[in-house]
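Before any questions on binding or motion, here is one chain by itself as structure tokens, the form predicted alone.
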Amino acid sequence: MTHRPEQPYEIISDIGVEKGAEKLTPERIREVIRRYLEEEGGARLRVYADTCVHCGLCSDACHFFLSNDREPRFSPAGKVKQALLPILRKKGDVSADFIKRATEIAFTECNLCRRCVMYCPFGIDVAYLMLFVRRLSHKLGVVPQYIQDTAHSHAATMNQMWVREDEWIDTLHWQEEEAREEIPNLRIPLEKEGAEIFYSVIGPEPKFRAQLIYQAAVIMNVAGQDWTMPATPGWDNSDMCMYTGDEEMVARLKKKHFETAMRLKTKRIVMGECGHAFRSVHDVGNRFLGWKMAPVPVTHAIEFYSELFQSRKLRVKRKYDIPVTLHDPCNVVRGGGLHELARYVIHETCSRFVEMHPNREHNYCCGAGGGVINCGPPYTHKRVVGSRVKAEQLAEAAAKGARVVIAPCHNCHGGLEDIIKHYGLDLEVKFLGDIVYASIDKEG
């Protein structure tokens, strides 16, 4: 759908947004906003809001803007102007309909990818401003239903997917049994106190992608690592509450995660391939808890694989021979600087690598991160249409011979699969761990 200023917005019905807005009154909106601005609207918010001159230099950085025929309201500055500035200017005197529209903009038209920050002459962090709006929506009880359900799962079970404690342990035993058919002495050590590594994953792995736990166990075993996984809540490093604006729940989740690692007296946390979880564990969560630094060092899977190859604890038996390209996940590249390490691992394990353009910290967002994919089916079409420029980038890599897209992030994996299906691209998406597992010498 091509959007123009004179055209009405595409109407998307979301029960979480609709039912939440029905409960709002002008007095409630005004009271919550004014208290929120007083308690949390500090100098950073005011400086960003007052500094933006709406020059539009951020526009060409935004895949939503580029994919929607350069419609101004999809530009980062345009989204700030629509969703946040009226709240500040009117000091909370806005309607329930305004809150609904601001919620949709902040949750589903901005991936918080921070690509626009790199092009802003003042370094304004639009992702921070959109998260500010999301937290306001959370405080008002107006949040897309699918992502709110996930936040409820975090609150009730301390994991993203309503995985019960016995289901978690059963999954680990199941994957250990499967892997022992390949490597007879393999173990997935549970509750091993004093291990060098606490390996953590996100909720979808035991729920939908258990083979990734299998592969990680094989890699750990082949590399001779001293590692463990917990049998208690705290194993899930993911955090959709970070994207709903529920900062109090973010603090609970990260506290549980780090306390589990400390209870086991592990030296560091090595986490699977996930971007938003890396952002939460490595960056956001510790600050919500008031910690200057995390109490246990955190290593992303990309860093970990590169360590194992550099130290020769992993050796390649046969390079992966299908041409690959690499999607740079926003949270581990722009937010973590791991782009060269990812390419090092690819060059170690793959026979042919086709670079996307633009790449590294300039790579386009997949359109799924920042909680956008977690807002669910009501917004799927809008999301893939807003990722047209990413589809064009993928098509260009495919035209140069790429047949596999490596995406070292769960949300990116799902987002890219949706784009590939929608635009009919001849590509397959794999995790970096898939490639490592396929190429290493498991016998040596």
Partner chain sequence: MATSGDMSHWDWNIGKKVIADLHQWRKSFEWLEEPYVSPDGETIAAVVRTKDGMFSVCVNGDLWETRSDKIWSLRFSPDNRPAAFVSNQGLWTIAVGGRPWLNTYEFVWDLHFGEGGGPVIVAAVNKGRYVAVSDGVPWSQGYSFMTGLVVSDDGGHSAAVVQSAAFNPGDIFAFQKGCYTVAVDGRPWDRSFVNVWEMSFNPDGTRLAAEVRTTLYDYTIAVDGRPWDRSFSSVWQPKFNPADGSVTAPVKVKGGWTLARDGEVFWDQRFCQLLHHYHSPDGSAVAAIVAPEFARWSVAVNGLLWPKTFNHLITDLTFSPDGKHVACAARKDGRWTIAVDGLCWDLAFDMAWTPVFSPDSCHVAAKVEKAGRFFILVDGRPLKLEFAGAWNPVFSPDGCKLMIRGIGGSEKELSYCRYVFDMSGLPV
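Keep in mind that this is a model prediction, so the values were computed, not measured. Residue numbers count along the first chain shown, from 1.
Separately, the form predicted in complex with the partner chain exists; it is not shown, and the next lines address it.
For the options Met158, Ile197, Ala179, Val94, the one in contact with the partner chain in the predicted bound form, meaning a heavy atom within 4.5 Å, is Met158. Proximity to the partner chain in the predicted bound form, defined as a heavy atom within 4.5 Å, singles out one entry of Ile322, Val316, Leu88, Leu289, which is Leu289. Here the marked residues Gln148, Leu190 and Lys265 all reach the partner chain in the predicted bound form, each with a heavy atom within 4.5 angstroms. In the predicted bound form, at least one heavy atom of Ile15 sits within 4.5 Å of a heavy atom of the partner chain. Interface residue remark: Gly224 is not counted as part of the site for the partner chain in the predicted bound form, having no heavy atom within 4.5 Å. Among residues of the shown chain, Gly20 is one whose heavy atoms approach the partner chain to within 4.5 Å in the predicted bound form.
Although the partner is absent here, Arg312 is not a contact residue: none of its heavy atoms lies within 4.5 angstroms of the partner chain in the predicted bound form.
Residue heavy atoms within 4.5 Å of the partner chain in the predicted bound form occur in exactly one stretch of 347 to 355, 200 to 208, 366 to 374, 265 to 273, and that stretch is 265 to 273. In the predicted bound form, Met249, Ala251, Arg252, Lys255, Lys256, Glu259, Met262, Lys265, Thr266, Lys267 are the residues of 249 to 270 with at least one heavy atom within 4.5 Å of the partner chain, listed from first to last.
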